[in-house]
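There is one chain below, alone, in structure tokens, taken in the form predicted alone.
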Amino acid sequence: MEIGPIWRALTRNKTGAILIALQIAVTLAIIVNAVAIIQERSRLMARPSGVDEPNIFYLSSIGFGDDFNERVTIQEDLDAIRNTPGVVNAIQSNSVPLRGGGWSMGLQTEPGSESESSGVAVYFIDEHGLDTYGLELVAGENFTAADVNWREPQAVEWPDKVLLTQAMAETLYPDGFMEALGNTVYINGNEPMTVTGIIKQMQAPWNGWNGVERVMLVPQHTLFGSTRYIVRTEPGQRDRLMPEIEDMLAERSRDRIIRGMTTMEETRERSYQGDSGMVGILIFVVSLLTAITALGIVGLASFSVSRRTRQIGTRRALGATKPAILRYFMTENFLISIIGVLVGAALAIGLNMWMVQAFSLTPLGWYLVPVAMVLLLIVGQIAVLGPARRAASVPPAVATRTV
């Protein structure tokens, strides 16, 4: 079939074709950038926290009354939890990854207020911390019981030992994270701390922070009035042990409240709730735009068939076969779609360049635009197939009818 006559016919009745081409172009530009955002958000939500999420839960103990001894209660609670069958280990800590609330400080490699510091999330743990969180020590050594002390609410002093994540070590020592091991870092400007170990990965409590994997582990118990226990269980035992440990702690002391029992999986879900909602909305928008574009193609093709019924009948009377008529309308739609996806590709790339500058988004993957172009071409061909088949079924006798 000659493309030239089809193209000349389009130029004589170009309004509808231009509208459909523009619709395809806008749809492609929006879909490509929406998919890019979906991919970016999905990558963020899939980032590993570094801890044994399926088997960890935590809960808070808030003491009250003159007879409540927080230090003794913490020691006895931890002993009781660790000795519970099915529990791998337990610690007291100020927070967990992705929780949304926690401590942060600044670390630097040289003392003095004029030296540049890097932000770091702080977790207070004891010698059981690595095992409780399920962390991997890649260099150095863990804390010992002798390293752990108690921190009062107004304390400003820090221990002389610290563990860093690999990401934090690389931030302080860009030439290689292993340089951090055994070196001294400074907190509060001039207070020295020796890096005695490096862990592979652990996330901060804030998922939107650009330093989400910059973490420091400090060997201290905290006496802040509210205690958070982190419990790691054997696989498959978490849900059974959660109410059991909650009841046990409540019965051990009537001078406190046990509350806020939460799993790490629930924490992750809550932390990324906004991102998950955005992904759902964008998927709906992509689906809706694709459907609207397909309906627009169907409408234009149906209108074209009804407007040219006698012309189709005449061609059939002159010997045109049904496949020839079908190919005509399929080719016509393909030409319109080609123009639409080419314009849409340029719009998609331009829109992404603006979004990268304005919102610091990740640039488009090289494959997104060509894949979207192919998919929209396929959608267009599927959408026009029904009207094209109706055109092919027009009988030759229509050419002899008068209006």
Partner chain sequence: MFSYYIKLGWLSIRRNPILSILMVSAIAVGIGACMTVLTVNYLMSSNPIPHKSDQLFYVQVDSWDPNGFDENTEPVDQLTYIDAMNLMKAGKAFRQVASNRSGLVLEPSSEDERPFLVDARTTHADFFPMFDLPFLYGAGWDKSADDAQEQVVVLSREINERVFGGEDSVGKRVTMNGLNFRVVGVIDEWMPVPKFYDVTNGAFNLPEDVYIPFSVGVANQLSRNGNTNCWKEPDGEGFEAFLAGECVWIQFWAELRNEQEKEAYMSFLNAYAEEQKALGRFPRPLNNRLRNVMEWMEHQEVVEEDAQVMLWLSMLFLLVCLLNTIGLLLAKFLGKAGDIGLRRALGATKGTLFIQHLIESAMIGLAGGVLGLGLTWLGLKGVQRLFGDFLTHLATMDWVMVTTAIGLAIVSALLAGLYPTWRACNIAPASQLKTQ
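As the structure is a prediction and not an experimental result, all values here were calculated from the model. Numbering follows the first chain given and starts at 1.
Same protein, other form: the form predicted in complex with the partner chain, not shown, and the subject of what follows.
Looking at the partner chain in the predicted complex, residues N207, R228 and L368 place no heavy atom within 4.5 Å of it.
In the predicted complex, R256 approaches the partner chain with a heavy atom inside 4.5 Å.
Taking the partner from elsewhere, I378 is found to have every heavy atom lying beyond 4.5 Å of the partner chain in the predicted complex.
Interface membership of M278, defined by any non-hydrogen atom within 4.5 Å of the partner chain in the predicted complex, is confirmed. Contact check for V285: a heavy atom falls within 4.5 Å of the partner chain in the predicted complex. Contact with the partner chain in the predicted complex, defined as a heavy atom within 4.5 Å, holds for exactly one of Q203, N333, N94, T293, namely T293. Shown without its partner, this chain lists L59, I37, V343, M373 as candidates; in the predicted complex, only I37 has a non-hydrogen atom within 4.5 angstroms of the partner chain. Here the chain stands by itself, but in the predicted complex one stretch of 170-178, 84-92, 296-304, 67-75, 296-304, has heavy atoms within 4.5 Å of the partner chain. Of all the residues from 348-363, those having a non-hydrogen atom no more than 4.5 Å from the partner chain in the predicted complex are L351, W354, M355, A358, F359, S360.
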